[in-house]
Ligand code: 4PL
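Given as structure tokens, the chain that follows is alone and in the form predicted on its own.
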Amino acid sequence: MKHKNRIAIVTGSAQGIGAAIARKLSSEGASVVIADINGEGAAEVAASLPDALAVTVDTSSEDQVNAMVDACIGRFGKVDILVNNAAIVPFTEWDDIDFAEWRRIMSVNLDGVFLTSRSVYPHMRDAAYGRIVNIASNVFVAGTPNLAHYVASKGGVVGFTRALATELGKYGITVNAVAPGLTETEGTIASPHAEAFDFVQSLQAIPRRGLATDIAPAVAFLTSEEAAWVTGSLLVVDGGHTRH
């Protein structure tokens, strides 16, 4: 039980990769806050796990993020792990991206990572312990088309991860990022991204579709004691789509 007695917040965990991460951490002993803008979905996931708490949150809202962390502290008394998974994944041609759309993506994908990290920081600092894992994307490496604002936001997540690792290491807090490739989830299957699976699979070293359960173990490692000497790193989990 690598995460026994640990308290984790996982944003965007009502479905997909976030839900898989929450279930993995729970299976290893953690109590998990299922945080999502989809409150009904969060409640369903939380109900399936022992000692889990569902919180409805828009991670682009500072007030809502602070309320989420307060709810975690009120229920469990601490927060050991933060997984920043909440994100908007658009599919928009460059000609159709205006500033409002740009800011919509940045507000969740990048601002949200800052807000949640900033909110848990005092609690982790005072405990001299913390694990923050930010979910990036291999599009940052690949420069995938029709995702300019998303690629930029995930590049920002990688840069912020490296900077925050530098800032927080002295407090016993590690900060890392995981970059999934195209992953089969409820969201991707229902989006234009579903059409890319066969092509992406042909580029991978491992020729099958990525699953949410392929991503969760990488996050579980980085949030465990075994990764105490790993910080500021980007772990790409994409079946060898991008090799570097």
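What you are looking at is a predicted structure, and each value in this text was computed from that prediction instead of being measured. In this text, residue numbers run from 1 along the sequence as written.
Omitted from view is the form predicted together with the named molecule, to which the following refers.
Visitor: Looking at heavy atoms inside 4.5 Å, which stretch does the named molecule contact in the model of the complex, given the options 118 to 126, 139 to 147, 94 to 102, 69 to 77?
Guide: Heavy-atom contact with the partner occurs in 139 to 147.
Visitor: Applying a 4.5 Å heavy atom distance criterion, does residue 54 contact the named molecule in the model of the complex?
Guide: Output for residue 54 is no: heavy atoms all beyond 4.5 Å of the named molecule.
Visitor: Give a yes or no for residue 89: in the model of the complex, does one of its heavy atoms lie within 4.5 Å of a heavy atom belonging to the named molecule?
Guide: The answer is yes: residue 89 has a heavy atom within 4.5 Å of the named molecule.
Visitor: Considering only heavy atoms, tell me if residue 241 and the named molecule come within 4.5 Å of each other in the model of the complex.
Guide: Taking the distances in the model of the complex, the answer for residue 241 is yes, it comes within 4.5 Å of the named molecule.
Visitor: Report yes if any heavy atom of residue 216 sits within 4.5 Å of a heavy atom of the named molecule in the model of the complex; otherwise report no.
Guide: No - in the model of the complex, heavy atoms of residue 216 and the named molecule never come within 4.5 Å of each other.
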